[in-house]
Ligand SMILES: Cc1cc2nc3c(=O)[nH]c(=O)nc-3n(C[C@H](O)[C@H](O)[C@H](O)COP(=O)(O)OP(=O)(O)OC[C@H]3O[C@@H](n4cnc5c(N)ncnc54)[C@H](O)[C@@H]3O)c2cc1C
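Quick setup: one chain, the form predicted on its own, written in structure tokens, and binding and motion questions come after.
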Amino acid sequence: MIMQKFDYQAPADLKEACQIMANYGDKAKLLAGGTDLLIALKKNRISPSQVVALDQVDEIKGLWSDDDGIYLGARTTAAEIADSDFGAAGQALAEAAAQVGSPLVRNLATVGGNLVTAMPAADMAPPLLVMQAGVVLEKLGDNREIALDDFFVGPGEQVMLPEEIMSLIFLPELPSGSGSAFEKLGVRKALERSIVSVAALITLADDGKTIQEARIALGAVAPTPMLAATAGAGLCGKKATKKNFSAAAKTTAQEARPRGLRTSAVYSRLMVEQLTMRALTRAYAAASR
């Protein structure tokens, strides 16, 4: 299939990129890794008059940290995240990034692109949700920060304005005694969109047995990546036992909102329960270390 014609622009920095987006708005599309955009262009799902490549905008690439937490440039690739050490608290993010597509896809796909496309099955969304990530959206002369939990609107939809560019993902510092894990079910081990994915994060009290805080997030089983808020809250103050994890897994399955597109809702809920149990068990083990 032949792509429709468009103008290609490659701004040298973020300010220039914001200027271009301010000029063209929804007539322009941003190109970072291109793993989703190029497919959409080839299939004529979109027809922008401008494609704005961000590969020279180094301000939004890389990982760094300070006393407040960890910062991810939106152009940071899945491969770079998979190879990074986020400690026990952030291991779910590295695990999720390591399961994005194939090695070639991971070398191109960016964390910003994974979020901006707002696909229900976006692999890096659930771990970022349990890590209470926020995203920074830039436009000419202004920016705003939004909690990731408020970012997704519906399948393929999020809160960004046409002229905005995601520049940064911020991960606040998590308490000591925190651990996380990511579990994914797909038809194949590689190049497969999730049927179900689960991220869990547990923070233990000083006794090493009581759960001080817990968060569980789901992918591919609702119109957007989502937090299972009731299940996570229900673990707080309880002992980290198999019985309590099993009860939380059942609650998580009830909170899921599968659409029955790739598999039945019944099967999706069963897999949510199983994967949540695994994720909680591994998150507890990580927190215990």
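Don't overthink the numbering: it's just position in the shown sequence, from 1. Owing to the predicted nature of the structure, the values given are computational and were not obtained by experimental measurement.
What comes next is about the form predicted together with the named molecule, which is not displayed.
Although the partner is absent from the chain shown here, none of Ala89, Glu95 and Ile202 has a heavy atom within 4.5 Å of the named molecule in the predicted bound form.
Contact with the named molecule in the predicted bound form, judged as any non-hydrogen atom within 4.5 angstroms, is confined among 139-147, 112-120, 205-213, 172-180 to 112-120. Residue in contact with the named molecule in the predicted bound form (any heavy atom within 4.5 Å), chosen from Ala247, Ala229, Cys236, Ile39: Ile39.
The closest non-hydrogen atom of Gly34 lies within 4.5 Å of the named molecule in the predicted bound form.
Contact annotation for Gly186: none of its heavy atoms lies within 4.5 Å of the named molecule in the predicted bound form. Shown alone here, Ala253 lies farther than 4.5 Å from the named molecule in the predicted bound form, counting heavy atoms only. At a distance threshold of 4.5 angstroms between non-hydrogen atoms, Ala82 is out of contact with the named molecule in the predicted bound form. Taking a 4.5 Å heavy atom cutoff to the named molecule in the predicted bound form, the contacting residues in 67-106 are Ala74, Gln99, Val100, Gly101, Val105.
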